[in-house]
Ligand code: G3P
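The data below hold one chain only, encoded as structure tokens and taken in the form predicted on its own.
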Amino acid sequence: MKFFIDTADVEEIRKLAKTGMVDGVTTNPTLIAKSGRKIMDVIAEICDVVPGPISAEVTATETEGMLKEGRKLAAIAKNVAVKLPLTVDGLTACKTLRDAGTMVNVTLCFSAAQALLAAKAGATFISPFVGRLDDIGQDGMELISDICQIYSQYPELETEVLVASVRHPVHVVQAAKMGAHVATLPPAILRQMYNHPLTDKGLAAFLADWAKTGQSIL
């Protein structure tokens, strides 16, 4: 499974990229707004830090506007994936951009039927929002299971399942067991994945035993 980081904080991305765990980055207008910077500058800088797919979202709602913005975003760097909403206009723009060789991340997916349409439009990634479904009393991970099952029936569909709106490490593990290709994580969630109390306890015991020997490796 690939890990994308869901943030527009370039310094945070730099820190996490050094761990070797970051395969890509997802951004959106909300995250860009929090950065207080211009979207083109932020995306360009992130593309320099992480060589994998960097999702940059359009703000237009009609096909022609999406195409104009998408082409401008795609011109920033070869690893930009234009992020489009799962609407009729969005999927129409997706088909055109994909035919031109641009990566596309179709976002705001909340049903398996929508995911099937996105795959037929040639989306590089489909982003189902599991946390937002959980918030309204639905099982977000059931959607991931359905999409993975449907896609597996049709090898000609090359769209990768990118699990979004991840709220905790359990979402990541469940998605990996289902065969999802990517999880996009807030930085805090990625850091949580390292933690286990028995790891801390074991390390403390090892260090205490080593101290008793009075030795030094260096």
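All values derive from a computational prediction rather than experimental measurement. Just count from 1 along the sequence shown to find any residue number.
The same protein also exists as the form predicted in complex with the ligand; that form is not shown, yet it is the one meant from here on.
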*in the predicted bound form, segment of 142-150, 88-96, 128-136, 112-120 with a heavy atom within 4.5 Å of the ligand*: 128-136
*Are any of the heavy atoms in residue 63 no more than 4.5 Å from a heavy atom of the ligand in the predicted bound form?*
no
*Would residue 159 count as a contact of the ligand in the predicted bound form, using a 4.5 angstroms cut-off between non-hydrogen atoms?*
no
*Can any non-hydrogen atom of residue 181 be found within 4.5 angstroms of the ligand in the predicted bound form?*
no
*Could you tell me if residue 174 has a non-hydrogen atom within 4.5 Å of the ligand in the predicted bound form?*
no
*Members of 52-90 lying within 4.5 angstroms of the ligand, judged by heavy atom, in the predicted bound form*: 83
